[in-house]
Each structure stands twice: as structure tokens, then as C-alpha cells.
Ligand code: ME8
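Encoded as C-alpha cells, the following chain is the form predicted on its own, with no partner shown.
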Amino acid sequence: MSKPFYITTPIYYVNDRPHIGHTYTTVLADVLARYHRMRGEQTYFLTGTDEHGQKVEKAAAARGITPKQLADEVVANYTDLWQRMGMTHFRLIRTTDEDHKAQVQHLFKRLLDKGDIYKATYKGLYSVSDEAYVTELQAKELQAQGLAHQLVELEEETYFFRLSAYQDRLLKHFEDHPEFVQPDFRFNEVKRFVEGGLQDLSISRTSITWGIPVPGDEKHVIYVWFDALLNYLSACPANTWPPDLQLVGKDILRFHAVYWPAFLMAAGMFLPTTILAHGWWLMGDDKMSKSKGNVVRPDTLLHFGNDALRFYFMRDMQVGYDRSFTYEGFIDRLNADLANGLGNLASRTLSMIQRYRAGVVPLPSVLDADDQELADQLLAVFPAYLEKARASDFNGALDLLWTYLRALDGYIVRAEPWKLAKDPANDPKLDAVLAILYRALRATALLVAPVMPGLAQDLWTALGHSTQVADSTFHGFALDGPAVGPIGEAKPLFQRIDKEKEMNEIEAAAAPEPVPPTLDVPAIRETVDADSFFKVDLRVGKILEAERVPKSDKLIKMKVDLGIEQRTIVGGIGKAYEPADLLDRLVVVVANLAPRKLMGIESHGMLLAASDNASKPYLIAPPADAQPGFLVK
């Protein structure tokens, strides 16, 4: 017996309700799972939630509830949505599940005993937003992508995984398994990253408590990525390892294509066959983000039906690339392809079979050149569609199929069956036309069943079948076989959407989603006595000159008048202020701070600014009638 097909989504972080990014990934996994079942394969589809880490701990504390209570609230949104959408996952794993906790602790202890995990002290940059320690190069990359909103420098005792020891083995695996990461251009990014050198990976924290304790050293909790990635192993059914296909967003590809296989190599386990990285749904040119207020929630789109949303996702997103979302484009796609395209073709075909042949699908006795061409096209399209689907390219598969459906519309126009029906002498040609159209619709129902299970079943039933289309298999299906019996009642498959009406309603409801104010700041520092505080000399200063420091988007060099002297001060405020806006501005300066060099420029003092971890700096401004040199006390 062959190994079951095992497909996973990433586990979704419980810091927000599901948006269309989460929904797209899960729909893609569900479509692929249904496709493999219809290939006759036993299939397991896993999804889940990532519930540990600093952000959850802080968010729960801010609300006065436990992290588990917060996780339970958010997870309910996922379970409810996936149930409403008919997802066919066998389990939604949570990183708070007891079997997962046991698996993580078991593997941690195993790798600790083996020497692949060791304890040391880490000092470096940490991204609070991504819950990951990063190198300076990675920090610059994250900043360029708009992902590193909360970089801080940390120093703490931690357990490390010897990631550096697996650099050569990873590169060898990449060379031997060109299918390991898809698409190819994402694989090239991963290879370059590993070739640039790997550092050992911190996999525990002492500054937070919300996580899985390190066995035997419970002041440490196991860091989220070692915890989270092991979910795929914790939930794996017997005799199903390794995963055949793991779907991830491009922003978490490195974790899955570098850390994850290294953990498995250390454990002596088989690696996943393929990790498929998809792109982002964008609003304009921007990634959807709660902080930007441009998140599209699936409930808004499910108003048009589950099948419609699933079809749009598969039809419009080319896996691996970003795709801009607009409501207008969404509605146009549904009207063009489902209402005017497949829906209209099905309605015309079924109506003609009822009208001209009393619902009985004829067997053609002869095919002319035009008939044969359309019949041959179906024989070519069917396997080509399945091959693209096997490669996770439903965008290409559906485009191929809908090109064929448009050819059928042209075939109807040329054949003019309404004229053929007027003369019995034309019966052989009419029979051929009706049979070819019927067989095309039957094949279409079968092919689109993984994408649109509800609509495909409606079409399958209308074509005279009493079975479930999802129980059929692609292999051995007789494309030119006779109909199973009389067709059913011809009902509209998809109602055309009144675009103007729907857009007016969407725009009326499109007030930006309120984002509750948050204060994301470190805890108050340790107490100092008054004598220590009064040693700090704070003065009112006036900025006389300001210019950007070359090769830096953050630093601004300023000449500041302190009343008794003028100073050169370099400040990291370039992303919040333009130099011209700083001229003649009153500021508060730490005047007795030891000079230090920044980008080769000696800075003698520091400007006081306020911010939280996620906001821009706000310069502290004395009253307008304060004079340079005034002592702040």
C-alpha cells in the first residue's frame, strides 16, 4: 500500500482573526487535498494555530486575561470559518495541545543529548514583530520589506541549535532535490541565504513564560520556531511521514526551508518532499496589514458564495507571485467566468437537451470536422488540466479549461442547433453537437470539483448523476462515454452579480476597520535614586542646521545651539523628519552624554524623543518661549 498524501498549511498566529491571506492558503490546501483524493490517493490535510510567544503573552496581559484564554477566543474564529467553508482537514492542531507539547519536549531533549542543542548567551538584534533573532543583514532586509517594525537588542541566556553544522548538508540536499522548494526563484533565494553562512539558532527564551518549558530547565521556554515547526510532526498520522507538500507564505519560507529541514536532519528523519511558497494578496502595491487598515476579511467575500471565493482564489492567483485584490476585479471575474461563461454554457446545453431530446442525451452517429476538433480538444484538455493541478498550478489549469469553454461557445454559434432542430434531416449533426456539449460539461464538473465542490455537484446532478462527484476519480474516466441517464432540471449555476449595487454596498461598509489603540513599550526600568537622575544634564537646544547622513536613511546630522555653545549631534530620526522641517526647532538635549561616532561623525549629545516600539519618534518640544541653554529639571 502506497504512503498517503500528506499536505500542510502553516499554522496561523493567534494575534488576529483570519483574513484572506490565511483563507487563500487554506483553500489552496483544501483544493489540493480534494484533487489528490480524486486521484484515488488516501490524503491527510493538516492546518492549525500557533499560540505561544511574546506577542500573545503581551496582548493577553493588556486585556487582563490569560494567553490561553486569548488563544481560545481567536482559534474559535478559525474553526468556525473553516467549518462554514467545508474545509476537509483531518485536524486543526494547536501548539497548546498536549501531544504537541510532549513531541516538542521529546525532540528537544533528544537533540540536547545528541549535542545539537547547547546553552550559551545570546546578544544581538531581535524582531518582536517576527519573534526571531536576526543578523544585521536580515534586519536590513526586513526593514526594506516593511516587516521589522520592532527591532530591539537583547542579551540573555539561551539554548542554541547548531544550525551552522548543517549548512553543507542543506546545500547537498538542495542540489540533490531540485523539487524541494517551489517555485524555482524562491528556491534560489533560499540557496543564496544558506550559502551566505548560517549561524547557530537561539531556540529558547527566559524573558517570557508563555511557551513550552525546556525539560529539566523550566526557567526557559522553547522558542516559537522550534515549537511551531514541529506541529507537522506532532499531528502526522501513522505511516504518513514525510509531508508531500507544505504550503507557506513567502515571508516564512526561510524558517521552513532552512530551520525545519535542519531540525529533521538532526533528528535523523526524512525531509518534506516539496515546500511551496506562495505570494501575498495586495491592496494596490501594499501587503494587507491590520495596522494599515487594508485587510479584506473572508466574510465580506463569502457573501457571494463559498464556491465563488474558492474559484477566484484559484483562478486569479498564480502560485508564487503576489496578486493585487480589488472588489471590482473579484466581481468581474465571477460574472465573466461563472455567470456568463460556465453558467450560461450549462444553461443553454441542458435547455437544448430538454427541448430537442426530451432530456435524453443522444449518442452521436457521425462527427464532422468541427465536431471532431472539439471532441479532440477535450481529450487533450483533460490530462493537461490534471497535470497542471498536480503541479499546484490551478491558475494555469483553470485558464486552460476556460479557454476550452469559450471555444464551445464559438462551436454553438457555428453549429446553430436551434436551426438544426427545425429539420429532422439534421438530426445526426444535432445529436453530435448535444453529445459533445454534454461530455464537455460532464468533464468540467469532474475537473472543477476540488475547486468548487458545491457548484460542481449541482452541475453533476443536473447532468443526470445520482452520485457524489467528489467520490469519482479522474483515472480511467470515459470522456466519450454515454450519459448515465436523462438529465435533471436545468437550474442556474451562478447568478450574475449586480456590480453597481454590490460596489455601493461594499463602499458604504468600507469605513476603515477600527484599530484599537495600543501601547507597545518595554516595562518600566529599574528604580534609580535622585542623585543618579540629577547627574543627567538636560538642556533646551535649537536646531540651526540639519542634513541627511550619506548612505543612511535614518541618520540626520544637526548643528544645535545650547546657548553657551553649539554642538554637532547625529540623531536616528530620518524616517520621521525631513531636515528642512527641523530648522529652528526647539528640542531637549542630553548635554553631558559622552561623545560617540555614528557613520564616522562624532555626535556630542542626544535629542530626547518619545515613541513606542511600533511608532515613529516624536521629538520632545519645549514651549516656544524657552531659550537655548535652559536647564530642564
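Here the structure is a predicted model, which is why all the values come from computation and not from measurement. When you see a residue number, it is the position in the sequence shown, counting from 1.
Keep in mind the form predicted in complex with the ligand is missing from the figure; the text below concerns it.
Note that among 546-554, 250-258, 165-173, 110-118, the stretch whose heavy atoms approach the ligand to within 4.5 Å in the predicted bound form is 250-258.
Every member of the trio Ala228, His278 and Trp281 reaches the ligand in the predicted bound form with some non-hydrogen atom inside 4.5 Å. Although the partner is absent here, Ile11 is a contact residue: one of its heavy atoms lies within 4.5 angstroms of the ligand in the predicted bound form. For the chain shown alone, Asp30 is not a contact residue for the ligand in the predicted bound form, no non-hydrogen atom being within 4.5 angstroms. The ligand in the predicted bound form comes within 4.5 Å of no heavy atom belonging to Tyr223. In the predicted bound form, the ligand lies within 4.5 Å of some heavy atom of Tyr232.
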